[in-house]
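The chain that follows stands alone, in the form predicted on its own, written as structure tokens.
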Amino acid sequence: MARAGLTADRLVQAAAELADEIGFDKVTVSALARRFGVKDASLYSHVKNAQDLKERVAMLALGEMADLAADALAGRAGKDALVAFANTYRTYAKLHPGRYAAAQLPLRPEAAEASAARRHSEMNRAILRGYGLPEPAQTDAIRMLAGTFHGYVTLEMAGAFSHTPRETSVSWSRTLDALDVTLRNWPPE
């Protein structure tokens, strides 16, 4: 019988909080059970296994980021939309490093379909349509933006930019300026 008060949603929320505290890679069913003061077996009526738990945290994070990005993008276009979108991801990563890491987890196709991943893609494409980019340039630009945002944020959070006195926020702003210029001057196919 399931322990009173434990639900799948409550476990996933607690796992997301745990990920932010100790790192997504350290989230296990055992660590979560310890947090609730129960045996591991108590959780298996709510989650199938550690992979299921991690996938659910990833889906939670993708949903949270999509909601924040949608709010930030409302009424914006062009560079304003690009900056709002990028800043949403950077801020989320800093506030929720474990959840941000979870959002990078490769999902099974059926989980990906049920996640907010499609919303992220649609928002990316809406931004790029504002720059007049058709397919297949949109796909190339989405990959460039994702690589730039993720690479910058990951390096920044790891302290890789701490060797210089220039504020990382200044370099981030310049990076977004450069991306805007690139998108406005996308090379022809």
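Predicted model, so just to flag it, every value in this text is computed and none were measured. The numbering used is simple: start at 1 and walk along the sequence shown.
Missing here is the form predicted together with a further copy of the same chain; even so, the following discussion is about that form.
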| property | result |
| --- | --- |
| Touches a further copy of the same chain in the predicted complex: Val181 (any heavy atom, 4.5 Å) | yes |
| Residue contact check: Pro136 to a further copy of the same chain in the predicted complex, 4.5 Å heavy atom | yes |
| Contact label in the predicted complex: Tyr131 to a further copy of the same chain, heavy atom within 4.5 Å | no |
| Partner proximity in the predicted complex: Arg125 to a further copy of the same chain, non-hydrogen atom cutoff 4.5 Å | yes |
| Complete contact of Thr148, Thr168 and Ser171 with a further copy of the same chain in the predicted complex (any heavy atom, 4.5 Å) | yes |
| In the predicted complex, the residue from Leu68, Met144, Ala33, Val47 that sits within 4.5 Å of a further copy of the same chain by heavy atoms | Met144 |
